[in-house]
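Next up: just one chain, as structure tokens, the form predicted on its own.
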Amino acid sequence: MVSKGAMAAIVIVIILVGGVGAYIIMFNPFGPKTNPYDVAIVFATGGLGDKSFNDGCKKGADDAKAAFGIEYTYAEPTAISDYLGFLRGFAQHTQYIEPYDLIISVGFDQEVALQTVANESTSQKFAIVDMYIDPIVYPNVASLLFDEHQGSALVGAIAGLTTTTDKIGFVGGMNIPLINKFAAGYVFGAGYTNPHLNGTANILANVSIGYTDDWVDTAAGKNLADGMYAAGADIIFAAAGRAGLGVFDSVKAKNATSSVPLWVIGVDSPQMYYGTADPTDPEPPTLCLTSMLKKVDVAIYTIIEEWVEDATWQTGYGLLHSFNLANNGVGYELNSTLLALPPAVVTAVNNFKTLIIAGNITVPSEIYWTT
């Protein structure tokens, strides 16, 4: 016979065990949790802190978070080989019950990894910055594309009007079509406003072109810039991710002993502050003449707004998003607090911009000179 006290104890144990079982069934603390994030981002290999491309994308996500109350998480790959693992991990979301509303790849070199994962997870929505993905073949991938050559033409025009040596330079990250769009637009714009830079049989007699072959190596950026400034270039456009910050190091060191003013032109995000003596507390003067604004923050914000806020998804070629001069997706930086460009320069560049938007001038999107 079981005593009443023992029976009561057994009942209590059964209730407790049943309660724990019910808790595990309902909440399963040992299994996947509710996903606290709406968006996942896989940044480019240059990492955050590049003051340009990745940081600009993060700003767009931060702006979307503030505007729409979304939450996002991210990964910072250090090598191209890392992309597949990060994208697949986000797409499978094994630690969370729900998928992400949107997974964003930052950078053209995520193309293959993204296509692989998009095929594996056909119900997951993706977006990629800087690469065209066929929306018919991959109806779950949106492409965020830019007319970098148009924005680069404007900063090239400023360089052409500002140079005192009639020699300019370009430091790119890689010798690839994407970066050569920057170079082509820059050289074209400089030649448009300065015939000394575009009126010779060999355009490279007055324009130096170099590549760091790395998105992170600031020493490579500095070494290339050192050589260009030493050879007479007084303005260098840096489009090399974090490696481009080496050009800022170079201009600050070289300008101190130069007989002519030396300048750098920034890229992607506003970088005029970085050309000051103390970028953490920027005060004039700055050695950054302007920056080519590739508004990746606007692109990231736009795609998050479309999906997370409106819960809609385009189909077919509606998945292609183009950012250009006409829709203010590219442009150039003006910061009169740090450096006031002459009004005549601003007027000339804005007139040039108007002609491009109107279709009266076509800016080349690839290198058009003989190397």
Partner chain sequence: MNQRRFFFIIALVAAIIIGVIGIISMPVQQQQIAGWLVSITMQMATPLVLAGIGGMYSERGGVVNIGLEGIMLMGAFTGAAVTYYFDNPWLGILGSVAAGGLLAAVHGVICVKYKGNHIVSGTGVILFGTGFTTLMLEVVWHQKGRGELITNTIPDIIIPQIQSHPFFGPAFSVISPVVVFMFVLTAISWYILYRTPFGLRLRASGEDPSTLDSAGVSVEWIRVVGVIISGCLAGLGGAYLSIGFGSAFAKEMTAGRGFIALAAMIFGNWTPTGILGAGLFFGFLDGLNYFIQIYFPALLPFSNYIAMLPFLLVVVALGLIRKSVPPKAIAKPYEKEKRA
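Numbering follows the first chain given and starts at 1. Just so we're clear, the structure is a prediction, and the values are computed from it rather than from any experiment.
Absent from the display: the form predicted in complex with its partner chain. The rest refers to it.
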{"query": "Its partner chain contact in the model of the complex: T164, any heavy atom under 4.5 Å", "finding": "no"}
{"query": "Close approach of K125 to its partner chain in the model of the complex, 4.5 Å, heavy atom", "finding": "no"}
{"query": "Its partner chain contact at H196 in the model of the complex, heavy atom, 4.5 Å", "finding": "no"}
{"query": "G316, heavy atom within 4.5 angstroms of its partner chain in the model of the complex", "finding": "no"}
{"query": "One stretch from 290-298, 154-162, 226-234, 262-270 that, in the model of the complex, holds residues within 4.5 Å of its partner chain by heavy atom", "finding": "226-234"}
{"query": "Residues D62, P282 and N335 all lining its partner chain in the model of the complex, heavy atom within 4.5 Å", "finding": "no"}
{"query": "Option touching its partner chain, based on a heavy atom within 4.5 Å in the model of the complex, out of L102, I133, V207, L144", "finding": "V207"}
{"query": "Contact set, 53-75 vs its partner chain in the model of the complex - heavy atom within 4.5 angstroms", "finding": "Y74"}
